[in-house]
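Have a look below at one chain only, the form predicted on its own, in structure tokens format.
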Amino acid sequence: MKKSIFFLSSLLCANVALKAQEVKYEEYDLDNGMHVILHQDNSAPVVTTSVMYHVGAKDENPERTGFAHFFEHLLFEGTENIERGEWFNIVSSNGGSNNANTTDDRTYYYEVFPSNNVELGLWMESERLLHPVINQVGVDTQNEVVKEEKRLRVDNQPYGNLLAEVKKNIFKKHPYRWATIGSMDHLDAATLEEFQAFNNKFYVPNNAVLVVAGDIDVPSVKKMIQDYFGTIPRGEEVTRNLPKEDPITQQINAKTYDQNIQIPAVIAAYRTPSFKERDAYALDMLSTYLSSGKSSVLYKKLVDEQKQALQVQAVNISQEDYGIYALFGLPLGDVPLTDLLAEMDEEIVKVQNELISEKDYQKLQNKFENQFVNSNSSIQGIANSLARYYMLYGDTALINNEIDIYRSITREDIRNVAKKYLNPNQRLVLEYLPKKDDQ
């Protein structure tokens, strides 16, 4: 009886905690098409101002890859009213921090300030949108910055080109086929006019969402937004007609070489649907079941028990148009890559033919409940989520109810997505090998 009371008490506390995490927000459009989302939380004197633009690597000319990531850097160069090199000084001298990041689907800029500087954050983001200075000096400077980033994070990083090689082999038509960081040769060849045209096309208010989250007074912030953003001219509508991929009907075999590694790796990668599809959520749960933590199926089998692998992982990389589901393994000692892949395949076949246990299913649900609570635990995280759910999913309310989708995924759903997407004739098998002197 005591155990039952304790369980009921815990369940009630958990439900209260989840309800307490509900994110309240208000959203509306400016006349120029910019979408605005406001989230008020006066528990701490901090505010995040952020803008997400619906432009990523997939929007680039195939002969000019890397533009979206390049603009992540270029638009910190300065504006007509912010002198070159002063952006970061202004932010730090006013007690703030800022950053930006780029994916294949979107680019995101944000500032975190003490809440009495919310107007400063809004002014700076409006300056980035309305008055950017895009000149040859800035382009040349950021070209060197991006080259150094590529050397550090990709070219000289062990397994740094792994995802790029997977994308190149699994996508043949869609622009996901090139790396987000792009080609340095393409950036070198680009003219100033091409950079300016890219800015004029994609960095327009009707291709953006502005989020202000934190310790704000909503009426006064609305007035600031209207003052700083309301008069920015609407741009041409951004239209996309990206090519669709043909289904993979037989296994693709590929090899690539990396001079920065000594241990080979094997990757089995499968093309999967958009993260907006319900199947993508089931694939998330499957990857967690297979390789999240030391008690997971693949880790326990191949690392702990059989000692065939140094590392093993199943990961679901979801994006707006397509996803990639990948199995990754680093062999221990002289274990052949083919043996390692066969052992991973064996676990996939089990999931395709047998339901995971009720115990494992409940562990999955608990993990995703915990992730949901944590995702809404900071103002900065909430701002990012509000922008992302609106911009890429077309449903801001997912910040509160996406967990309901995970809750609705059944053991049968997990089995069915394994059957539907994770078959040998639907995949790439990539051997990622140490580069020898004669290669």
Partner chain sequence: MKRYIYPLIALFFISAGVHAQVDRSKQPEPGPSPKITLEVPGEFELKNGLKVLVVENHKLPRVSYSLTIDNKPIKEGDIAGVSQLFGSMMGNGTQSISKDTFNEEIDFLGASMNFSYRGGYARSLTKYSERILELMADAAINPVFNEEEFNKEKDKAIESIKSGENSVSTVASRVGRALAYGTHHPYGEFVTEESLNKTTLKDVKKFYQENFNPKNGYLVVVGDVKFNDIKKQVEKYFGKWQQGADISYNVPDAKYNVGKTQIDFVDMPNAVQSNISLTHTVDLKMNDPDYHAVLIANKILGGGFNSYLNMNLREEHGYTYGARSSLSADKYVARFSAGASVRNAVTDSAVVETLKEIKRIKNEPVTAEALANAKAKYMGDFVLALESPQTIARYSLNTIINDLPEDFYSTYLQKINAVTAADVQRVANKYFKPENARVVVVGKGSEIIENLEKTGLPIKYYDKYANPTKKPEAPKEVSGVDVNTVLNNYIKAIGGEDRLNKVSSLILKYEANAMGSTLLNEEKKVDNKMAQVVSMNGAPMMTVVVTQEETFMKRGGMKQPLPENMANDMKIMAGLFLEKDLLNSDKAKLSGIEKIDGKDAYKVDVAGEVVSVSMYYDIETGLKVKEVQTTSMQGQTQTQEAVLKDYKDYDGILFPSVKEGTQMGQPITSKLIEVIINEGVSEEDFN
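Residue numbers count along the first chain shown, from 1. It should be emphasised that the depicted structure is a prediction, and the values quoted were computed from it without experimental measurement.
Keep in mind that the form predicted in complex with the partner chain is missing from the display, and what follows is about it.
Student: Just to confirm the contact call: exactly one of 363 to 371, 132 to 140, 239 to 247, 102 to 110 touches the partner chain in the model of the complex at a 4.5 Å heavy atom cutoff, so which is it?
Tutor: It is the stretch 363 to 371.
Student: Just to be sure I understand the contacts: of 51, 37, 57, 382, which is the one whose heavy atoms reach within 4.5 angstroms of the partner chain in the model of the complex?
Tutor: Comparing distances to the partner chain in the model of the complex, the residue within 4.5 Å is 382.
Student: Within 4.5 Å of the partner chain in the model of the complex, heavy atoms considered, which of 272, 207, 291, 126?
Tutor: Going through each option in turn, the one that passes is 126.
Student: Is residue 352 one of the residues lying within 4.5 Å of the partner chain in the model of the complex, judged by heavy atom distances?
Tutor: Residue-level check for residue 352: no, no contact with the partner chain.
Student: Since only the chain is shown here, I'm wondering whether residue 90 would be in contact with the partner chain in the model of the complex (any heavy atom pair within 4.5 Å).
Tutor: Contact with the partner chain, yes.
Student: Are any of the heavy atoms in residue 391 no more than 4.5 Å from a heavy atom of the partner chain in the model of the complex?
Tutor: No, no contact at 4.5 Å.
Student: Quick check on residue 29: any heavy atom within 4.5 Å of the partner chain in the model of the complex?
Tutor: Close contact is absent here: in the model of the complex, residue 29 is far from the partner chain, nothing within 4.5 Å, heavy atoms only.
Student: Within 60 to 99, which residues come within 4.5 Å of the partner chain in the model of the complex, counting heavy atoms only?
Tutor: In sequence order, 81, 90, 93, 94, 95 come within 4.5 Å of the partner.
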